[in-house]
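There is one chain below, alone, in C-alpha cells, taken in the form predicted alone.
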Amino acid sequence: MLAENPIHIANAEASDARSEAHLQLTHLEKRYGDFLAVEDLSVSVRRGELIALLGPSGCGKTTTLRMIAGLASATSGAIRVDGREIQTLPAHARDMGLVFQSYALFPHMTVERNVAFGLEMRRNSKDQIAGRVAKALELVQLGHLAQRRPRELSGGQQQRVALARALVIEPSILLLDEPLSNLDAKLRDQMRVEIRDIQQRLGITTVFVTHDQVEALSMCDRIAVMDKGRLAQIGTPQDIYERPATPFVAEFVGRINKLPGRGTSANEITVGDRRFGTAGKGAANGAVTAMIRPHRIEIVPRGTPADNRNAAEGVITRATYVGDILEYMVALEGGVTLAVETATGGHRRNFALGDEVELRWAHEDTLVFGADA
C-alpha cells in the first residue's frame, strides 16, 4: 500500500469495495475464569471503514481489540478477515498494524529505527526498508526528525511515530487502542483530524478503541457502543447520538437530562402534572424515562408568548460560564431540575440566579424509554 501509492482517491470501484465485509466478529466471547469480559459480540467492519469500539472502562472494548490482534485468545466465536477465520493465527501472521495507548516505542532507537523495526523482523531488504520508512515518515510529517529518539519528541510526535510504525508494514487492518488518551486537549483535537485524514487517504480498514465520545463521533464512520461486555448499539455517529437504542447509550454518548414519567399515548408522556409531546416515541400506559439533551432546550424569560413546543417553567439555581457555552441549572416545580446549555455571544441574553424562566424544546427531542429498557 505505502510502497505503491499512499494516497487512494475515492472512486466508484472504491465505493463498491467499502460495502464488503472486511473484518467480521461472530458471537465472540472472552472469559477469565467466571468473569465474562466479552459476551456474544457480533460486528462486521466494511473495507476501508473506520469504526469505533466505544464504552467505559471495563466494558470489553480493549479485550475485543486484543482478540482481533491476536494478543488474547477468544474463548469462543469467530474472527474472520475476508471470510477467512484467523483466531488460531499468531499475532504476527494476521497482517494487522497496532498502535498502543502507550505508543510502546523503543527509547534507545531513533525514530527511523523504530519505524523500520517491523520491516526488519520481516527480513525486508535494506533498500526496501529505507524507501518505505521514508514514505511512512513523510505520511505523518516527521521525515525531518528521523534521527531523533523518542525522549526528544513531543507526545504528538511520539504518537505519529507509533502510527508510522504500524502503517509501514502495509497492514490490511489498522488497530488503534486509545491512541489519544495521553495527549492534552488541544493536541487531541489536532491528532483526531490528522489520523482521520491519513486513514481516509490510505483507505485502510481501522478499528479504534476509545472511551471518549467526542473522538468516536468526530472521527468514525460507525460506532459500536459496548456495555458490560455486550454490544449495546452500532450505527453512524448521527444514529447513536440522535436515536440511542437504550438509556445507557443516551447517557454515555453526550450529556442528557433524565425525567421519570408515564406514557399516556403513543406520542405523549406525563412527568408529574406536565404533559410533553414525544413525536410518536412514547410508551402508552406505562412507566417511562424521558431524556432531553441540555443543548436542545431553549431558555426564555417567563411570559414569552407560547409556541407549539414542550414547555416548563422554572427558576435558575446555577449559572456557569464555560467559554463557548453557559450552563444553567433550572429547578422546576415538583423537585425536578434540568440542565440547559446555551451558546455564549454578545447578542444573547444571559440569565442570573433566581431568574424566573421558561424552558422549551421540540417534541422530537424528547427521547423516551420504557421501564424495561
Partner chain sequence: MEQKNSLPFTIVVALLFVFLLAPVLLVFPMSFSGDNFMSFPPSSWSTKWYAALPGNTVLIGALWTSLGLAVVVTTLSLLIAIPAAYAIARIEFFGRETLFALFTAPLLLPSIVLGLAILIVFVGIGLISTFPGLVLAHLVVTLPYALRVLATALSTLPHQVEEAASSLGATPLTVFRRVTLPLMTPGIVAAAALAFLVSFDEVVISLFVVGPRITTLPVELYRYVDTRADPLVAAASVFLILGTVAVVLIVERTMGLNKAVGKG
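Numbering follows the first chain given and starts at 1. C-alpha atoms forming the largest set that superposes within 1.5 Å between two forms make up the rigid core. Remember, predicted model here, so these are calculated numbers, not experimental data.
One more form of this protein, predicted together with the partner chain, exists but is not displayed; see below.
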| query | finding |
| --- | --- |
| Among 161-169, 205-213, 264-272, 234-242, the region lying within 4.5 Å of the partner chain in the model of the complex by heavy atom distance | 161-169 |
| Interface residue in the model of the complex among G277, G77, G118, G229, criterion: non-hydrogen atom within 4.5 angstroms of the partner chain | G118 |
| Heavy atom within 4.5 Å of the partner chain in the model of the complex - the one residue of K126, K186, R84, R151 that qualifies | R151 |
| Contact flag, A104 vs the partner chain in the model of the complex, heavy atom cut 4.5 Å | yes |
| R66, heavy atom within 4.5 angstroms of the partner chain in the model of the complex | yes |
| Non-hydrogen atom contact L98 with the partner chain in the model of the complex at 4.5 angstroms | yes |
| Any non-hydrogen atom of H295 within 4.5 angstroms of the partner chain in the model of the complex | no |
| Rigid core superposition, V111 Cα moves 2 angstroms or more between this form and the one not shown | yes |
| K258 C-alpha moves between this form and the one not shown by 2 Å or more, core aligned | no |
